[in-house]
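Next up: a single chain in structure tokens, the form predicted on its own.
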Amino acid sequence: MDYRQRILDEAAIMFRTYGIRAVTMDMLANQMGISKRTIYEVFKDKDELLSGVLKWMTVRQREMTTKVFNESENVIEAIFKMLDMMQEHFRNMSPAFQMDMKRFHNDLVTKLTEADELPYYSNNADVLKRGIKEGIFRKDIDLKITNKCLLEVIRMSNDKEVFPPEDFINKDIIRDFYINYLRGISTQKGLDLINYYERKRGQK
């Protein structure tokens, strides 16, 4: 493994654990047992490092979701599995990281979102197209509008200021927002599958 990937791996762990502001280049260098100069030879500053970490997280996320998407029997099964993965990802992410991203790196978030490079905010078009092909989603939905709505649902459901964790359980927010939105664009076949996987999840 080269230095760049090693740095990204360790920085991702430290950012998600302690928050972005709390992690310094000195801390990262000490944790890795390398010099700070070595890090700066690869990343010119902390913002470039953070951008690299987010892009790397996106690559991993896409690999995982592609695997789930290809191995699932239908699009609803794939969606339920991907939602579980997303919930686990955010559950393992410190509130400090999410707060730092929103308060101090909003420009970076906007830039990566516009470039479709932010983890778990990637395009839902393939999911929607597969659902239509399988007869699960209605053929009359507008793909562009529906895709945008789904992205906003994900963003809102993970906004800790809108839904403080002490008052709301994340899995309930996801279900009430995302799953119920899917009900609105589903055929009867889709509704039956959603109900099936809802019951299956409830039995775990």
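For clarity, every value in this text was computed on a predicted model and none was experimentally measured. The first residue of the shown sequence is 1; numbering continues from there.
Not on display, but discussed next: the form predicted together with the DNA.
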For this session: Please name which of the stretches 35-43, 131-139, 147-155, 60-68 has residues with heavy atoms lying within 4.5 Å of the DNA in the model of the complex.
Result: 35-43
Problem set entry | 4.5 angstroms heavy atom contact with the DNA in the model of the complex for R103 | yes
Exercise. Can any non-hydrogen atom of V23 be found within 4.5 angstroms of the DNA in the model of the complex?
Worked result: yes
